[in-house]
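In the form predicted on its own, a lone chain appears below as structure tokens.
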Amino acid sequence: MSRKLRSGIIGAGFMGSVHAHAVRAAGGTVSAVASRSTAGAEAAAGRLGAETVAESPESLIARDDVDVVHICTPNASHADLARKAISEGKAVVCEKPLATTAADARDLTEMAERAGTVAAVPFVYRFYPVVREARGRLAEEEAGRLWLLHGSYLQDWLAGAGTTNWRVDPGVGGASRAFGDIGVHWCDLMEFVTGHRITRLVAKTSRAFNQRRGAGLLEEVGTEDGAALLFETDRGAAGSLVVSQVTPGRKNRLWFSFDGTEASFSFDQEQPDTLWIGRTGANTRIASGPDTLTTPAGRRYARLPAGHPHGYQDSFNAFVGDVYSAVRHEVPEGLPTFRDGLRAALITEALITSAAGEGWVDVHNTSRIRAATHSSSLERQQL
């Protein structure tokens, strides 16, 4: 495909702006934007750089000048919009969670694979160069045998009972908020970097505030502010994770330490240009850059010399660039698809079940779903 890919963005909030920037960085155009109202879409069109405004999400999906549909709406609407986009033969980028239930996520995954369309979920922390570097080094067993996988994902944007958001409402955001919103990012990153898969877990969820003030009124909170879980993996490792959206001072601290018998590998998203490698004799800090990273995957995403920060938007740009490469029949390694969105939904489902008092809960595997090959799926795509 030689022409520019044309995208339609549904959702005019913060994530819509992130997607629009990434579309342009990938060489695409934003053909149209849609929101809950035409007025809202018109107000966002200039900010998102959209050529036109669609009168509804459904009309945007049906447009002939939209090749890729970006879904950046509240969580409860994801499944319905993704189904409609797949039915129209469009490539889809759907914000996580892919769906608010594992059943819907499974249906969408199977539907996308049958249709042979490119269907991706923005697990964008995979696209930091030092994360790819860690993945490559761990695959070469530089850490020895991984036996302890632990970390946290901490934010403070909901600190304070006077702060609220649509995600607090389980009818809009889903049954799990903190874990379903950010904990799944950590789990996806852990499984992607280490190759381990969570097989069972035990979890506890909690709230800092049982009521929050919305529209001047105190409202009962139906979702968790934080979660803590222990887990086991299919390769014999143990792990732990702490998630919070109410930790003052932590803006977006996704941190992991993957500990092996020979070395530990650590990453902090608030300081994303450094990979820390710990050994008993000495510790090493590797700067992000094409001249400092050693693995092909790490160097591929390090497009600036060491010392030039690579941030969240850069990682998002790299993700969308890989999505568009897939649409053009170039299959990039490590692209997060609807299958990864389903994986996140299954882990979330297990967490909710465990936190309800069920103790240790098995995490279902996604291997039962028939996976269409990349080649056959892309051959059927007509864009």
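Start at 1 and count along the sequence shown; that's the residue number. Computed from a predicted structure; not experimentally measured.
We do not show the form predicted in complex with a small molecule, though everything after this point is about it.
Colleague: Non-hydrogen atoms within 4.5 angstroms of the small molecule in the predicted complex: do 145, 196 and 266 all have one?
Modeller: Not one of the three qualifies.
Colleague: Of 198-206, 99-107, 230-238, 153-161, which is the one stretch near the small molecule in the predicted complex, taking non-hydrogen atoms within 4.5 angstroms as near?
Modeller: That would be 153-161.
Colleague: Check each of 288, 245, 176, 117 and return the one that places a heavy atom within 4.5 angstroms of the small molecule in the predicted complex.
Modeller: Going through each option in turn, the one that passes is 245.
Colleague: Which one of 252, 77, 261, 87 is close to the small molecule in the predicted complex, taking close to mean a heavy atom within 4.5 Å?
Modeller: Exactly one residue meets the criterion: 252.
Colleague: Heavy atom to heavy atom, is residue 185 within 4.5 Å of the small molecule in the predicted complex?
Modeller: Output for residue 185 is yes: heavy atoms within 4.5 Å of the small molecule.
Colleague: Is there any non-hydrogen atom of residue 127 lying within 4.5 Å of the small molecule in the predicted complex?
Modeller: No, residue 127 stays farther than 4.5 Å from the small molecule in the predicted complex.
Colleague: Hey, in the predicted complex, is residue 133 touching the small molecule, heavy atoms inside 4.5 Å?
Modeller: Close contact is absent here: in the predicted complex, residue 133 is far from the small molecule, nothing within 4.5 Å, heavy atoms only.
Colleague: Since only the chain is shown here, I'm wondering whether residue 181 would be in contact with the small molecule in the predicted complex (any heavy atom pair within 4.5 Å).
Modeller: Yes, contact at 4.5 Å.
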